[in-house]
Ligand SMILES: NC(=O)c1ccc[n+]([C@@H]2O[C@H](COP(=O)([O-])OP(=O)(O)OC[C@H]3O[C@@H](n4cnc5c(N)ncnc54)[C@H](OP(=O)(O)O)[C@@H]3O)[C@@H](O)[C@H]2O)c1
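Single chain ahead, by itself, as structure tokens, in the form predicted on its own.
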């Protein structure tokens, strides 16, 4: 496992369900976490809530720019419609850093969720195009936000597919997944294959709606 104990993890979109849940789990695992939001006050309010929930003090809040500056590794967990503009504005602050994109470009209509077309091929590939000096990976698309933030769930039983073209970066992201009890990071291929991983989220949402569950993925025989 890649050594992650000294890292500061920034979570852009840390006030939303997915970002908040992952921030909570990483803080519980002993990692220093910075919650990012458009408003520093909102980020700090969420950080305070998580400090109390996790029983730790190493969770801080900041605006998105300061979050990106302070962090060694940055998770992008923002709504798809603001994804491109936010990353473009943070290009300089994210230069040289590992960026984990977990954004799912989805639409919803009366028939349910569906994958949206992305010009670059996927949200992660859009991030790669906008952040040429960053080490972009894709991961954490399918982890239940409900389970992540629930302190009664001791282990979040799921695998996390990690995609990217930088072996050292994907190994580190897999280690961040492994830091969450019950979760296993699994290399899922090159970043060019992120589109189908993001789109699969629509199928999982449909499964969860039908079966009233919080389903994830398990990869067999490894």
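A quick note: this is a predicted structure, and the numbers were derived from the prediction, not measured. Positions refer to the first chain, counted from 1.
What follows is about the form predicted in complex with the named molecule, which we do not show.
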Interface membership of residue 135, the named molecule in the model of the complex, 4.5 Å heavy atom rule:
no
I'd like to check something about residue 118: if you look in the model of the complex, is any of its heavy atoms closer than or equal to 4.5 Å to a heavy atom of the named molecule?
no
Residue contact check: residue 104 to the named molecule in the model of the complex, 4.5 Å heavy atom
yes
Within a 4.5 Å heavy atom cut-off, is residue 143 in contact with the named molecule in the model of the complex?
yes
The named molecule in the model of the complex has a heavy atom of only one listed residue within 4.5 Å, and of 90, 127, 77, 73 that residue is 77
Name the residue from 28, 58, 184, 38 that puts a heavy atom within 4.5 Å of the named molecule in the model of the complex.
38
Contact segment among 110 to 118, 79 to 87, 127 to 135, 92 to 100, judged by heavy atoms lying within 4.5 Å of the named molecule in the model of the complex
79 to 87
Residues within stretch 4 to 21 having a non-hydrogen atom within 4.5 Å of the named molecule in the model of the complex:
13, 15, 16, 17, 18, 19
